[in-house]
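Below you'll find only one chain, the form predicted on its own, shown as structure tokens.
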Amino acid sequence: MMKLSLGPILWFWSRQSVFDFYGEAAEWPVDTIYLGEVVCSRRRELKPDDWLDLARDLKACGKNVVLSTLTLIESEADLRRLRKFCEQDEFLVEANDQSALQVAIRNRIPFITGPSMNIYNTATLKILAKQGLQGWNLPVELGKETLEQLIAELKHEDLDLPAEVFSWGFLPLAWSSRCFTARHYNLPKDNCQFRCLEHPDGMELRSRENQELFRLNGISTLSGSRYDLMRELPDMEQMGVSTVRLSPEHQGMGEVVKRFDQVRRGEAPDTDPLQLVEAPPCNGYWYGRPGMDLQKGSS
């Protein structure tokens, strides 16, 4: 049976909200939980030692824990925080950019790659496997056809590299050195007043036609529609996907996990997760189409 993972929190939540969230997540039927700040280095409600303590608590609850790194390393301070994760040997590290990849390899610690890493072929996977790669995430813009080919090629090469697929949530699309949230409030990035705390699921960005195009989240831009591959889980299992990733949201996440767990067990979900939230659905990337598309007959 495929595993369920809870990806790192992409949003900026208060310290207590983070602890409350993971206190609930400890009871959810997820196998792996990713911890760490992956978007903005100014988000310091939790320090590296706090994440490590939280990781130990969740491990004691029977969860497999992976420490996630920043997606955009911009300073020596960012590198120091990165080294803190890469110098421990209790947990796997998820490398989300080349800096994390290099530090993990230099420290000879096992790692996996996150969905922001540009891995498009088995040649890359073979090189990384020799350097400590334990698993990988399909980049969010790739779909079923590419994944099927990569898994088949890995099997042919006799490489055991579990594949994970981002399957629920707003798709992380791009990162910038500029902070879009601060810009919205006419504030400089270095004095942003942490306005992201006011938007626990990001800021909606709509077109003139009132179509929800994106979500702004500090320095990152996400899809305006929620990606939902719940109906595609049987295909993924047949393909050989190891883990399905669900991206945390501020409300209703326990119900989303429950529905995905039902489907992976071969049961009919009580309700469609998309009925629990107000956002247009999408699954276009999975079918090789524009990301905001929704393939008919799905979800």
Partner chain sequence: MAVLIKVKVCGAASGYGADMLPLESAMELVCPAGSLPALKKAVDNGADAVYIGFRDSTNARQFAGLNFNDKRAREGIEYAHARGSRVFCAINTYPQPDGWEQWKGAVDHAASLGVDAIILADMGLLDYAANKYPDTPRHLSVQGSATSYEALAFYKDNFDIRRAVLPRVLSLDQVRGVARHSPVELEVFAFGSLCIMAEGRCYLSSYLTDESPNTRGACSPAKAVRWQETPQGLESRLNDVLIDRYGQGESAGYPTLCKGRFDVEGSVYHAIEEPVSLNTMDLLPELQELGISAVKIEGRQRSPAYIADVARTWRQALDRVQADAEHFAVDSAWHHTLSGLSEGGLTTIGAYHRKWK
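Not measured: the values here are computed from a predicted model. Numbering follows the first chain given and starts at 1.
Although it is not shown, the form predicted together with its partner chain is what the next lines describe.
Contact here is defined as any heavy atom lying within 4.5 Å of its partner chain in the predicted bound form, and by that definition not a single one of 164, 244 and 263 is a contact residue. The shortest heavy atom separation between residue 133 and its partner chain in the predicted bound form exceeds 4.5 Å.
In the predicted bound form, its partner chain lies farther than 4.5 Å from every heavy atom of residue 294. When contacts are judged by a 4.5 Å heavy atom cut-off, residue 142 counts as touching its partner chain in the predicted bound form. With a 4.5 Å cutoff on heavy atoms, residue 184 counts as touching its partner chain in the predicted bound form.
This chain appears without its partner; in the predicted bound form, the one residue of 179, 112, 196, 86 with a heavy atom within 4.5 Å of its partner chain is 179. Of the listed positions (73, 154, 129, 92), a single one reaches within 4.5 angstroms of its partner chain by any non-hydrogen atom in the predicted bound form, namely 73. Of the residues in 106-141, those that come within 4.5 Å of its partner chain in the predicted bound form through at least one heavy atom are, in sequence order, 106, 115, 116, 117, 118, 120, 121, 123, 124, 127, 128, 131, 140, 141.
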